[in-house]
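The chain that follows stands alone, in the form predicted alone, written as structure tokens.
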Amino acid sequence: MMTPHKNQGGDSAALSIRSLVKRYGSVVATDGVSLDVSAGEFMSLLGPSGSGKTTLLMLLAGFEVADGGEIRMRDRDISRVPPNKRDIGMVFQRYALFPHMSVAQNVAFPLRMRGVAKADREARVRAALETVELTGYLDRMPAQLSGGQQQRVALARAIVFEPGILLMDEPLGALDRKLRKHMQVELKELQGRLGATVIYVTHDQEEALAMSDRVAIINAGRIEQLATPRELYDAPASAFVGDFIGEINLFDAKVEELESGGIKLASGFGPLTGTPVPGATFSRGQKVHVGIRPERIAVRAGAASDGWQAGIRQTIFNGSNVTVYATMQDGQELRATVAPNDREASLARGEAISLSAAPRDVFVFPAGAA
């Protein structure tokens, strides 16, 4: 088995990025990004297409050169160090295996480029393939492997020289959903065994939440929020993050009163009380965005006087829950989820219901922050 990589120097930050900028003509792809990645951490860069997450990964790998800022790896400035001198392993979405080379030759390639002696090279190749459970595949060609096996070969090639950091660019994107789920577990377990520091690019929110210690939400070349998966879900810093992570109802409202326990709001379908996002300031009469997770909305049959009045437009069975699509009095729609065995799950189209949510589950964002 391969041994976990040791963080030389004892610095808890395996990688530090400061004010990193990358422009392509008039387009700013990376706009002053700063972050620290701890040794042994699994961090995901998550964002929509064109947000700048892959550009950031290419800057870290050395395939692109920043126009400004600094990249430090264990307190060494690597901003202009070539890729093969950065002590960084890379796994791509399409694996980038050499089709004319066997599995063993593919895995040995980075060792050959570093001048590792043949005997040591063969031992390390076998150790890497043992780590990804492919010891019986040394002489196979890439075309003879399944997608999951090719992905493991690419991983073995990335870890064989025991890099300080592993960069992964949508490494599971070419796999079908079932295999992707399986490989998520295997990849996370492998990272734990190696003690590897991983920076993982994905546009799949479910994948990022399942695998990461922390997630950086990238939007328009900037980090919108950097936090644990649970923090992102339970306390989004903006309407963009709330909308990008999980399901959420977003609608407009107006501040009525500011109280120590929350903000009283007026919406098109009635009054509600919410919790402001940290760092935001609000004033009476201000327009705001409001977000509520569907599972945080309580649904009751009938038109209760202490709830928001609505009618059922439709219900959809999703297996583990039922989504209730409710039409509010002002015509807008809210989604709520209930358990399949709840009475509300069997209500018919057009029946009257009332909705409610606790103030802590009603996120209040400044207008224009979506």
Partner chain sequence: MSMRGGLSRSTAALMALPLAALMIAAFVWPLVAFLSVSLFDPGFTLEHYARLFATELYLEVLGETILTALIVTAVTLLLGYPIAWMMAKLRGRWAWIVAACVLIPLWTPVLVRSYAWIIILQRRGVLNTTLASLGIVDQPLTLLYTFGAVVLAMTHVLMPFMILPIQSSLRAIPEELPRAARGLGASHLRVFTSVILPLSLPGVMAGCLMVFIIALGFYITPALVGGPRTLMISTLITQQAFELLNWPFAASISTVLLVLTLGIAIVFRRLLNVDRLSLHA
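Residue numbers count along the first chain shown, from 1. Note that the structure is a prediction, hence the values are computed from the model and not measured.
What follows is about the form predicted together with its partner chain, which we do not show.
Student: Mark Pro83 yes when one of its heavy atoms lies within 4.5 Å of a heavy atom of its partner chain in the predicted complex, and no otherwise.
Tutor: It does: once its partner chain is placed as it appears in the predicted complex, Pro83 has a heavy atom within 4.5 Å of it.
Student: According to a 4.5 angstroms non-hydrogen atom cut-off, is Tyr325 in contact with its partner chain in the predicted complex?
Tutor: Tyr325: no, not in contact with its partner chain in the predicted complex.
Student: Although the partner isn't part of this model, could you tell me whether Ala29 comes within 4.5 Å of its partner chain in the predicted complex, counting any heavy atom of the residue?
Tutor: No, no contact at 4.5 Å.
Student: Is Arg94 one of the residues lying within 4.5 Å of its partner chain in the predicted complex, judged by heavy atom distances?
Tutor: Yes.
Student: Taking a heavy atom within 4.5 Å as contact, would all three of Phe240, Ile245 and Arg335 count as contacting its partner chain in the predicted complex?
Tutor: No, none of the three is in contact.
Student: Taking 4.5 Å between heavy atoms as the contact cutoff, choose which of Arg177, Arg114, Arg284, Arg230 touches its partner chain in the predicted complex.
Tutor: Looking at Arg177, Arg114, Arg284, Arg230 one by one, just Arg114 meets the 4.5 Å heavy-atom criterion.
Student: Counting any non-hydrogen atom inside 4.5 Å, which residue from Gly261, Gly136, Pro278, Pro99 sits next to its partner chain in the predicted complex?
Tutor: Of the listed residues, the single hit is Pro99.
Student: Looking at 289-297, 126-134, 99-107, 231-239, which one sits within 4.5 Å of its partner chain in the predicted complex if you count heavy atoms only?
Tutor: Selected stretch: 99-107.
Student: Quick one: name the residues from 53-78 with any non-hydrogen atom within 4.5 angstroms of its partner chain in the predicted complex.
Tutor: Residues within 4.5 Å: Met58, Phe63.
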